[in-house]
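As a starting point, one isolated chain is supplied in structure tokens, in the form predicted on its own.
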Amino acid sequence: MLSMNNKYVIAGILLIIPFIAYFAIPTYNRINPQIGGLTFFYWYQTLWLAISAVLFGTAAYILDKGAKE
């Protein structure tokens, strides 16, 4: 089992990952490759919306599970 402090660290890391990806604009500020007519810039951000939801949900689960124990 993880200690309470470790749960906060893991949840914090999961919450920071999407911000790092979003703020690294030069890495995805381009047109190619395109998927379904969408430029890389748009489908990369859309993909990260789904990834962010999973990461935020996981962090919430970790923190909620820690509160119940």
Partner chain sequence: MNGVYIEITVFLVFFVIFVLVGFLAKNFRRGNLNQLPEWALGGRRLGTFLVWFLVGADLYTAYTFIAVPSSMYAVGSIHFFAVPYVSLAFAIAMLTMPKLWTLSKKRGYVTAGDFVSDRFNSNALAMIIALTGIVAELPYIALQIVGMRAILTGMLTPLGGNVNLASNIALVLAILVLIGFTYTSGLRGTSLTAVMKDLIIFTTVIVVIVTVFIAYHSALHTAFTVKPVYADLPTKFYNAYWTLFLMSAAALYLYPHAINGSLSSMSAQKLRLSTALLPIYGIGLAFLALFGLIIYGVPAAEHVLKITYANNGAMVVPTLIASVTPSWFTGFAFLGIFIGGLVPAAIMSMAQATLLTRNVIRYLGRELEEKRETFIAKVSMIFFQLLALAFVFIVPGTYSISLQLIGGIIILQTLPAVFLGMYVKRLEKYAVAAGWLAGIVSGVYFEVYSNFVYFKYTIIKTTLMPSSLGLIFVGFMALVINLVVVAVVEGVVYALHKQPKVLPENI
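Positions refer to the first chain, counted from 1. Everything numeric here is computed off the predicted structure, so don't read it as measured data.
Below, we turn to the form predicted in complex with its partner chain, even though it does not appear here.
**Student:** Can you tell me if A60 lies within 4.5 angstroms of its partner chain in the predicted bound form, counting non-hydrogen atoms only?
**Tutor:** Output for A60 is yes: heavy atoms within 4.5 Å of its partner chain.
**Student:** So, I10 and its partner chain: in the predicted bound form, are they within 4.5 Å at any heavy atom pair?
**Tutor:** Although its partner chain is absent here, I10 would stay clear of it in the predicted bound form, with no heavy atoms inside 4.5 Å.
**Student:** Using a 4.5 Å cut-off on heavy atoms, which residues of 43 to 65 contact its partner chain in the predicted bound form?
**Tutor:** Sequence-ordered list: Q45, T46, L49, A50, S52, A53, F56, G57, A59, A60, L63, D64.
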